[in-house]
Each structure stands twice: as structure tokens, then as C-alpha cells.
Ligand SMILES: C[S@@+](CC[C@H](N)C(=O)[O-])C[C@H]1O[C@@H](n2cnc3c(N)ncnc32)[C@H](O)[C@@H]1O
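The chain below stands alone, shown as C-alpha cells; this is the form predicted on its own.
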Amino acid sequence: MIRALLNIIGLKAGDTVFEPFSGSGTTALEAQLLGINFIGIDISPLCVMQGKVKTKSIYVIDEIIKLKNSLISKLKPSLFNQEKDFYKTLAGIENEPVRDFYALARLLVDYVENDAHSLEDMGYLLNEIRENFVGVRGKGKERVELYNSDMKKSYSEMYRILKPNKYAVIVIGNATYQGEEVKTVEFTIEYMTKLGFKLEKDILKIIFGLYNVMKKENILIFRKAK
């Protein structure tokens, strides 16, 4: 989907794309494959590491393979065990992309069910960092209000940094919270229009899966007017 969107908005090799919620690095990887320059940020240190590993590991694959056996021997019986000195051992690896690769391998294999466990394993205090995450601050109605406030800041920054006639693509959906549908899509279109964006396309994307909070998403393609 990301590659299709990059093509739809006409980005070519040498152009630059910015992702303010880079997540696990999907846009970063697709941009890399297409020769497009990528700038991305994310508040989650786990997501930042995932993006780095996805895009940088290919350049150090020989060293990753070379270190595999020696790391396993230091962390018996398995590289992915609960050895307390795991990060101390990794600290001896000078090459950061190689070090990140093995750190992420441990996190994804051991704690695939919950990112919280991975963040704790990385040494972060969840109660502190959650206050910086969009969509999880506050309770009840306040949570929705804080989410909208945070997204307004993000949308305003998108408008500020985007060049005239270039595109902002937002994939978003209406979730149900405390039994009521939160009109996030409508809110986004209204606020982006107020900022000076023009909605070029609104593409409906069905989400398959029994346990998804949202059953559909909207791919909103905006263009910044001159």
C-alpha cells in the first residue's frame, strides 16, 4: 500500500518523503527501495530501532553473520534467552547497525505479544514515556480531546514543512471508544482543509481481521495549495 501511495503522489528517485509517525519503518523501507530520500520520526524508541534495522542491516549483513556464532557462544544456551548480561555483551559491538540488529532480534523473538515488555526490556519506564504517545494520554472523553489536540499540532507541522503543490497522505479510521464512534476521519478532513490543504482523493480501505478495533480506514490524499 505504501509503495502504491508513493507512486500515486508522483514521488521519484531523488525526491524526499517525510513520515511524522514512522512506526516500524515501512515507509522508510519502501522509499529506500525506490531511491527516494526518507526522513522519519517516532516517539517510540522501539519503532525507531525497527526502522533503523529494516533499512541499515543490508549494509552490514556480512558482519551480522560473522558475529552470529561468537554471540551465541557468549549467551548460552541460546542467543534469545533471558541472559541478564545480554545488553552488556551487545555493548561490545562497535558497529551500531549490527548492535541494533541483535537487540531487535531479542525483543521481537522474546516479546512478540506486547511492545510494553520490549520497552521495559530496553530500560524505559512506561508510565513516563506513555505521556508522550499520541492516543494513550488521559481517560474517557479527555483522551479523545488530547488525541485531537496532538493531531492538530501534527497536521499544522505537515502544512508548515510541505512545499506548495506537494502531497500529504494520511491513513486513518474512525474507531469506537466507550461505545461511541469517534469521527476522526471527518475531523481530519475539516482541520486539514482549514489549514489550506485540498482533499484530492479519499480511498476506502477495508481492514480484515476479527479483533481489529477499526473495520475500515480512509486513505486521505491532500495537496497543499500554493
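In this text, all values refer to a predicted model and were calculated from it rather than measured experimentally. A residue's number is simply how far along the shown sequence it sits, counting from 1.
Another form exists, predicted in complex with the named molecule; not displayed. Remarks below refer to it.
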* Which one, 155-163, 29-37, 44-52, 61-69, holds residues whose non-hydrogen atoms are within 4.5 Å of the named molecule in the model of the complex? -> 44-52
* Would S22 show up as a contact with the named molecule in the model of the complex if we use heavy atoms at 4.5 Å? -> yes
* Asked: Taking heavy atoms and a 4.5 Å cut-off, does A4 contact the named molecule in the model of the complex?
  -> no
* **4.5 Å heavy atom contact, N148 to the named molecule in the model of the complex** => no
* To do: Check whether N95 has any heavy atom within 4.5 Å of a heavy atom of the named molecule in the model of the complex, and answer yes or no.
  => no
* Asked: Considering the named molecule in the model of the complex, which of A105, M122, L126, V134 comes within 4.5 Å of it through any heavy atom?
  -> V134
